[in-house]
Structures are given as structure tokens and as C-alpha cells.
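Take a look at this one chain, the form predicted alone, written out in C-alpha cells.
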């Protein structure tokens, strides 16, 4: 390494080597004994040292430290201003997601003096907060009383800024999804939320005398779930020649994905009925960034062949679509380097790094209770006609699946994402978040594409929604092309309310995916209170 900076006194690697060599007299063992890495948290050590060095012993800092955060300013009694270092679209939800808590309870008002950098606690001492964790107090409509037998007991907060709630007491019960509808019907609970699948809706309709999901016993309000179901493929473990994003590897995954995708309609309709829709891009349909059928370039998921031609036509029968998907998978596997025997019509050998058998894990409680289970059984039977085995693993304990995902050893799996208000893709698809790299560990697909990374960063740094949607469409197309995720369904959540015990007109009138009935819980009146 040469010194090209024009500064004669700048050190170079040779200088460091000479100094270190002289300090240890050329003794490598002595060097290693002193300089070897240990368990020290380098980042935390550097952070503490930096704070101590930069911050004098003043301004409320009893032992040195940062007296205040320059980017957070009190404007008036009810307003603060937060300044960030650069713009990122999701930041507003993270910053404004901080709950408001009363100073009189979690701090000491005598220690609050904003102008003197005193914020309700002895500097660096949060013991007051820690002592209250078992009995929390917030600024919401209800006050916490106790937690007993899986039930949280609340009382109306007379100091709530929107006014004291009209119903005095509230209980939140922990229960199973299957117990919600019977609980509302039998008056065990007054309201609850359940998955909006076909069997649950049938159960609710049976409780109402009119045979509908809203009637004289139960009122049902359904909204799309902020999330979606998908089938994932691990780019590293389902690949050819150890190159996850080569054409051959993508052809392999596209072969599997094409067959899986074609069986989505029947399976999802059987499980959910009208309570779910098939989606074709890996993003919740509740998002403004989700592609719509009317958008230019919109495609059904995995509906093109290896030659780029469309596989299906609008007038095709289901059986014809299944046949087209199998033929497309055959062509994809040949292009991926698999050996096909024309005589038997079966693949007989896989290219290096690939296999003729792959496992897909699904959390169906060991009994196939999952909306995608039908997809797997149909696809497995179809692939078997090509000599390819798709082994279905449905463990009774779902942790078996998540343990494999956390270890990065899975091949294919079925799960669902819980989405966020902002459609930011960073946590799930950015390469820095691949499992084991020290990021969010949420990139179970092991997708690592520099172009995708850049699109994700570009989109989150803009406040232009039209621009962001266009960039996210490019990102979604890359994810689909990499064939690491098959979007399956967008389901509904059903909010159930007792028609007999709740004054229904006092509920939030326009419940949506993003604005739930709890946002106006203080307005709810029980029928007995009318």
C-alpha cells in the first residue's frame, strides 16, 4: 500500500507492521497472547468511550455523558419536534410509535426542568421505570388493574384526553381463535377477533337466526389482514452448482414455483371461501404499493414459461392449466441441467448441487390444518409424474419449522408475513438481513441481489408515493424473477361483536385494516348501560 494522499506523515500498513514487530521483538506468540480477539463488545466499548470523551461534566450529567439529544426539542406543552439525520419513509412510524407515559408515575416531576436538561430521572438512572414494570400505567382510555387467570382487568381512565370512557370496566381475555365465536355467542366475551375462514364464518352464521354472519346474536365486521400467506424457497439450499442466482438455479426454483402456483385457487377457496383472495406479488393487497390488475405489466405469479411466453389463456379449463404448468416445469428443469428420460417421461438425474427430492415444511399442526396444505398435496402429486419428489413435512410442533428457518437449513416452507403500514422491504429482502449476518435475520429467502438492495434503499429515501410505487414494482419483479417466494393469499380478519350486549351504533363506524375498533373504544356503550 502506497501513501498517495500527499501527506508525508500519514501512517501506512508497513509502519504499523514495523512498530508491532518491534514492540513484541518478533515474538508471534507474545503478540497473540496480548492482541487476540476476546468477548469484548467493541461497539459498546467505543460508544461509551466516545460519549465520555465528547461530553463534559456539566448540564445535568452527574458523571459525564450526553446532556440532551439535539434532534429532539420541546416546542410547547403538547408538541415536540424530532429531526432525523437524513430521510427514510418508515422512520415516522418508528418515531411516532413510542407510547406516551405519565411523568408523575414513571419519573419524578421534581427532577424535570427542560431548560436545565433534567428529564424526570437522576441522570443515567432508570430505576424508577424499572420498579413499575409489573404494574404499568399509560395514557390511554383505560387503567390497568390486574392480570389474573389469563385475563387483564382495566378500569376507565377519568383523565383520558378524549374523555372518560362510557363503559367503566374492560377485560381482555387470552383465548384461542376457535373459541372466539362460541365465546361471543355464550356471553363469555362481548367481542373478539378470529380468522375469517369458511368454517368460522359458517359457525357464526349458524348462531344468527337469519343464517348470516351479522344478525341478532353476532355482528361481524371483516377487513383484510395486514399481511399475506406465501410459500418460500431458500435460494441457497434450492440451487444449482452453489450459485443461488444463476439462470440454472432460477430455472430450478421456477419449475417448482410454477407447479405450486397453479394449484393455489382451489386450495385457498376450499379453506377460506370468499374470505381470501389469491395474490400475485409478494406484498399485502392492503398496501398502496401493491400492483393492481389494471396496472401495466401485471402478471399472474409464475405464469410464463422458460421462453417467456404466457402459459395460460382466460378460457383455459383448470385441467389444461395444470398440464401447461407441468410441461413448463419440465422445460425449466431441462434448462436447469436436469437429465430427462424421454422413454419413461421422468427426470433421472439432477445437476451438481441440485436434487430430485426437496422438502417443504408447513405448520398444519400435523393434520394439514393450513390454507396452503392443499396446494402442497396437489403439487407434490403433479411433480411426481416428472420423477421429482416434493416431500411434505407437517410437524405437530410449528417450532420445528421456525427452528429450521432460524438456522437457514430449510428448503421450501409455508408461512405468512405480518406487514407494516409502510411497504418498506428492507427488513425482509435486503441482503444484510439474511439469517446469520447480524441484521434482522428476517431474510429467510437468502436473497442477495445488489440491484434489489439499491431499489429498496432508493424507495425508502423518497417521500414521493408514485415514485416509490414504481420502484417497489421493479423490486417485486426481481423477487419474482429470483423465484424465492410464491405469494398465495390475502385473507380477512373478522371482528365479532355481541349484537345483544353491545350498542352496535357506538362502535367505530368505518373499521379498516389500519383503523381498528379499539381506536374509539371509549365511545362503546354496553346495552345494559343505555
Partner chain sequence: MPIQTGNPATPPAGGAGRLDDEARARSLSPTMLVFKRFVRNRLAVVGTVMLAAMFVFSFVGGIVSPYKQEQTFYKTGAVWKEYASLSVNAEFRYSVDPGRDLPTAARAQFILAMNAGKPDFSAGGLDYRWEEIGEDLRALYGSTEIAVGLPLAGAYTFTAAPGADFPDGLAAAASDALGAGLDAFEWDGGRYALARSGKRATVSALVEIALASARVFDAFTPKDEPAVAEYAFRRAALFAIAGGADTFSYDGRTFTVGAEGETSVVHEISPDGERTEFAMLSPYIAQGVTPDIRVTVAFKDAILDAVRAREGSFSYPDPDGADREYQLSSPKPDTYTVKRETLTQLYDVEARPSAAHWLGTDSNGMDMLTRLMHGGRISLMVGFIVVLIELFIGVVVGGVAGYFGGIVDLCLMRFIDLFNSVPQWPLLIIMGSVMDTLEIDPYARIYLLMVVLGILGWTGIARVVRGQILTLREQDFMVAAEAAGIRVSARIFRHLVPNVMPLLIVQATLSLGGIILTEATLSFLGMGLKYPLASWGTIINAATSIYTMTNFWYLWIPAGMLILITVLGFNFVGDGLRDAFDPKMKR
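Between two forms, the rigid core is defined as the largest C-alpha subset superposing within 1.5 Å. This structure is a prediction, so every number in the text was calculated from the model and none was measured. Positions refer to the first chain, counted from 1.
The same protein has a further form, the form predicted in complex with the partner chain, not shown here; the description that follows concerns it.
The closest heavy atom approach of residue 375 to the partner chain in the model of the complex falls within 4.5 Å. In the model of the complex, the partner chain sits within 4.5 Å of a heavy atom of residue 313. Contact annotation: residue 395 falls within 4.5 Å of the partner chain in the model of the complex, judged by heavy atom distances. Though the partner is left out of this view, residue 193 does not reach within 4.5 Å of the partner chain in the model of the complex, counting heavy atoms only. Heavy atoms within 4.5 Å of the partner chain in the model of the complex map, among the stretches 227 to 235, 74 to 82, 263 to 271, 113 to 121, onto 263 to 271 alone. Each of 288, 462 and 469 comes within 4.5 Å of the partner chain in the model of the complex, counting any heavy atom.
In terms of contact with the partner chain in the model of the complex, the residue from 344, 131, 409, 318 that brings a heavy atom within 4.5 Å is 318.
Contact with the partner chain in the model of the complex, defined as a heavy atom within 4.5 Å, holds for exactly one of 135, 159, 391, 104, namely 391. Applying a 4.5 Å heavy atom cutoff to the partner chain in the model of the complex picks out 199, 202, 203 from 199 to 226, in order along the sequence. Once both forms are fitted on their rigid core, the CA atom of residue 100 lies less than 2 Å apart between this form and the one not shown.
In the core-superposed comparison between this form and the one not shown, the C-alpha atom of residue 399 has shifted by at least 2 angstroms. A change of 3 Å or more separates the two forms for residue 314 and residue 273: their C-alpha atoms lie closer together in the model of the complex.
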